[in-house]
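One chain comes next, on its own, written as structure tokens: the form predicted on its own.
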Amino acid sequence: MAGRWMNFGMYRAEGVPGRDALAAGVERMVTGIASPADTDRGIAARLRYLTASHAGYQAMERAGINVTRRTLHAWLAEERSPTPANRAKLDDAYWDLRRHNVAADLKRRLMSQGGTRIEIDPVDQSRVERRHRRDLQVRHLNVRPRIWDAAVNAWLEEDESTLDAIWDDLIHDLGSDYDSYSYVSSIGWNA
């Protein structure tokens, strides 16, 4: 991470590392089943989605769901209901699989027309004494397709160091005050 914010928050500025804001922005693009996992309808939908492919069974295994075939069939037939712990694991498995399944679509949307323009909102300095505030403005940046490809891959793998390197490369395009955007309030885009 870029370095002028070594003691971030010392003067009560609030924000998140740019890599986290970038990952959160990609995460917001992922949509899925609206019914909560603690409802019968929500669990039934998640089970159907997970059991429709081999990748779904792998996602359940990664989430720590270790039940017999008989139990899984009983859940699918709605004869038995998963425990609250297994409902949480099914929800985790669902979102894990969903992220993997939509990654290609996210890349297509972000990379179309030569990339996507993002808006960077600087850190919130409302609680910082006036003498310690920096003059930071909302900035706009065009993110090229090759960067989106790497960013979505890093998000999918939860690779913070790669996301951090990508963010540092992006903010260098802001000019001499790039380091002021190592931490941000948020970033957003329309894709």
Partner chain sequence: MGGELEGVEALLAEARRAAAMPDPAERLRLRQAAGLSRPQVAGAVGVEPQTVANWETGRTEPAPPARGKYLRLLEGLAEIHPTPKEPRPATDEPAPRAAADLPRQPVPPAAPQHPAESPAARAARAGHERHQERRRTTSADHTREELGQLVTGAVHEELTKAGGDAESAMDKLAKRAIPDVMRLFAATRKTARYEYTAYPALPDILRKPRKDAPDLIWEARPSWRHPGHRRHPDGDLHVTALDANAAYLSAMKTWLPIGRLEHSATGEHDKKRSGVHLITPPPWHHPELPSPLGDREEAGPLWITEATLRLLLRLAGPKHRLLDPPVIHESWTSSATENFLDALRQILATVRANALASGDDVTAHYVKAMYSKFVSTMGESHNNRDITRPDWMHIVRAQAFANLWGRAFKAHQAGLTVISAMGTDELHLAGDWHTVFTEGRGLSEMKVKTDRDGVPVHYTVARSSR
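Since the model is a prediction, treat every value here as computed from it, not as a measurement. Numbering follows the first chain given and starts at 1.
Absent from the display: the form predicted in complex with the partner chain. The rest refers to it.
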> Does any heavy atom of V67 come within 4.5 Å of a heavy atom of the partner chain in the predicted bound form?
Replying inline: no
> Quick one: is F8 in contact with the partner chain in the predicted bound form, heavy atoms, 4.5 Å cut-off?
Replying inline: no
>> Within 4.5 Å, heavy atoms only: does V138 come near the partner chain in the predicted bound form?
In response: yes
> Is there a heavy atom of E78 no more than 4.5 Å from a heavy atom of the partner chain in the predicted bound form?
Replying inline: no
>> Just to confirm, with a 4.5 Å cut-off on non-hydrogen atoms, which of I166, V143, M60, V123 contacts the partner chain in the predicted bound form?
In response: V123
>> Just to confirm the contact call: exactly one of 114-122, 69-77, 82-90, 96-104 touches the partner chain in the predicted bound form at a 4.5 Å heavy atom cutoff, so which is it?
In response: 114-122
